[in-house]
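Next up is one chain by itself, shown in structure tokens, the form predicted alone.
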Amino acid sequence: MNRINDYIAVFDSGVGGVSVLRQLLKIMPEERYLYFGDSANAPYGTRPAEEVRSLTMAAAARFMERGIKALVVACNTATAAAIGELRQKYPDTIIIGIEPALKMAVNRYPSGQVGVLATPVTLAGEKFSQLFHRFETDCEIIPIPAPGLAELVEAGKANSPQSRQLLEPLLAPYAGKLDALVLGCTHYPFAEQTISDILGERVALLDGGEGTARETRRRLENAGLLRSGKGKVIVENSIGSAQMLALTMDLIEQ
């Protein structure tokens, strides 16, 4: 098994975490990244939390065997299910999770109306519950589960007629009423055009990718682990088909 000691592993349930990888590449282009998408088991958002935890821990174990300097869990559902156990099991490794950008939304729109579009598992998780109760007195927070959207992004249909058919009944009731919509799954930024078409351009679309990238850089810098030189991205997927790898690369380059 190839050693990748100076790499940052970026893990997602499929191709959605590419939205985080792109933010990492913006602020740390000289780093080396291993992106792994578990598309064979996607979507995580409709699986039981214990199953998501097991899949995430298994993926992390494989990364650790190969020798990485940091792990970015670029999946809201996996973060909600397993980030605590990951940090407990690997206390000497920098491990960064992602969470819905509720703090950003509340700071920008105090006393406003903020929707959170996410998978059912993310919305039912303890991490989201804590965020919800932390900020519910500052503005009206509206959870909006969107089962099926991650699967469409996995199939390369993020802004297709199928995605509009799925999202229209979920979002149309909030058109013109929300101040912001938090995209609580890393797959969802790829469907921004369809989401914006339904809600209207006035509604701000926010996600946690940029904040996760900034936190990763901060942690690496504090540990003296930032590198210089030519950056690199290795893409792997549990499906491993040429089509899936090509889709991932296309999303990175968008």
Ligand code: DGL
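Given the structure is predicted, the values throughout are model-derived calculations rather than measurements. Residue numbers here begin at 1 and follow the sequence given.
The form predicted together with the named molecule exists for this protein as well; it is not shown, and the discussion that follows is about that form.
K.L.:
When the named molecule is placed as it is in the predicted complex, which of 179-187, 155-163, 124-132, 102-110 ends up with heavy atoms within 4.5 Å of it?
P.N.:
Contact criterion met by 179-187 only.
K.L.:
Looking in the predicted complex, any heavy atom of P43 within 4.5 Å of the named molecule?
P.N.:
P43: contacts the named molecule in the predicted complex.
K.L.:
With the partner left out here, check for me: in the predicted complex, does some heavy atom of V72 sit within 4.5 Å of the named molecule?
P.N.:
Although the named molecule is absent here, V72 would stay clear of it in the predicted complex, with no heavy atoms inside 4.5 Å.
K.L.:
With a cut-off of 4.5 Å between heavy atoms, is A81 one of the residues that contacts the named molecule in the predicted complex?
P.N.:
Taking the distances in the predicted complex, the answer for A81 is no, it never comes within 4.5 Å of the named molecule.
K.L.:
Determine the residues of 141-157 with a heavy atom within 4.5 Å of the named molecule in the predicted complex and present them in sequence order; the list may be empty.
P.N.:
Residue within 4.5 Å: A150 only.
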